[in-house]
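Just the one chain here, the form predicted on its own, laid out as structure tokens.
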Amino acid sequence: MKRIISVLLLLLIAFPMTAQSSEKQPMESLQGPLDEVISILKDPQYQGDSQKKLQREKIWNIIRDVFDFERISLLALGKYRKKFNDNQLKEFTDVFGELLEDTYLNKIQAEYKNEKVDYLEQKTKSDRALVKTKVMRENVGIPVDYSLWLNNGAWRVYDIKVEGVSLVKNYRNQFQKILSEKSPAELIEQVKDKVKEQKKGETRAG
């Protein structure tokens, strides 16, 4: 699991894209904004500790426009999503998105080391697509596959597999263990507590 978590931070290097017209292919839609994110990570003006918050905000503004957090949340909850009412689903989606932001942006800011992305192939079927890439880190290639769907004319990411391990499935396993014994409200509170814990860690680190 430690290996998976350490590698998952790399997904943030490779998936960013802005809302694009369906006229663009999924792989093509990934590449432009990727340059922008890498540029932000490399930009000297964001290397000082006082500028990390601004750097983080700029990167997240790109990421949140392409990730379909509502769909990711439903997939992560699996069959237990039926236990949630509409308000609970919205609240869970919001706090789960915040958890992902804190977990992975903290890591990418701390550990980015000039990784590069090789785009290998894309497979498209109707409104679904799979884009296969390889993240090159110190001469080691890490397979990263992106599952996208066409939503309102834009290709949006709803799952990532790193070395064959699904981000959605990883969280689904965790959430379903909790929901087999606890209520949706209790899960939401646990995720909120995790977010608060991470923010305290950020404050101490700062």
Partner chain sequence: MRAEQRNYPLTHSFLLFVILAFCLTGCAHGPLTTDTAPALSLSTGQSYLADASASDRISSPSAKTEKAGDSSDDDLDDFGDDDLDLWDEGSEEETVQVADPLAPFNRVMFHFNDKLYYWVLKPVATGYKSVTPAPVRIGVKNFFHNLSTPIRFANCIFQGKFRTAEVEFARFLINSTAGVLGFGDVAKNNPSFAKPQGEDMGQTLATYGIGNGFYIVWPIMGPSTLRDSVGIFGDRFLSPVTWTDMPTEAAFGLTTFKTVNESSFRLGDYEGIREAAIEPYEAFRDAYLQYRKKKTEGSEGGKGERRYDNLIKEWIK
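Positions refer to the first chain, counted from 1. Small disclaimer: the values here were computed from a predicted structure and weren't measured.
Form predicted together with the partner chain: not shown, discussed below.
Only one of Val168, Ala154, Ile62, Ile40 lies close to the partner chain in the predicted complex, with a heavy atom inside 4.5 Å, and it is Val168. The partner chain in the predicted complex comes within 4.5 Å of no heavy atom belonging to Asp94. Remark: Val66 does not count among the residues lining the partner chain in the predicted complex, judged by a heavy atom distance of 4.5 Å or less. At least one heavy atom of Gly164 is located within 4.5 Å of the partner chain in the predicted complex. Not displayed here, the partner chain is kept clear of Tyr46 by more than 4.5 Å at the level of heavy atoms in the predicted complex. Contact residues in stretch 51 to 76 (any heavy atom within 4.5 Å of the partner chain, taken in the predicted complex) are Arg71, Leu74, Leu75.
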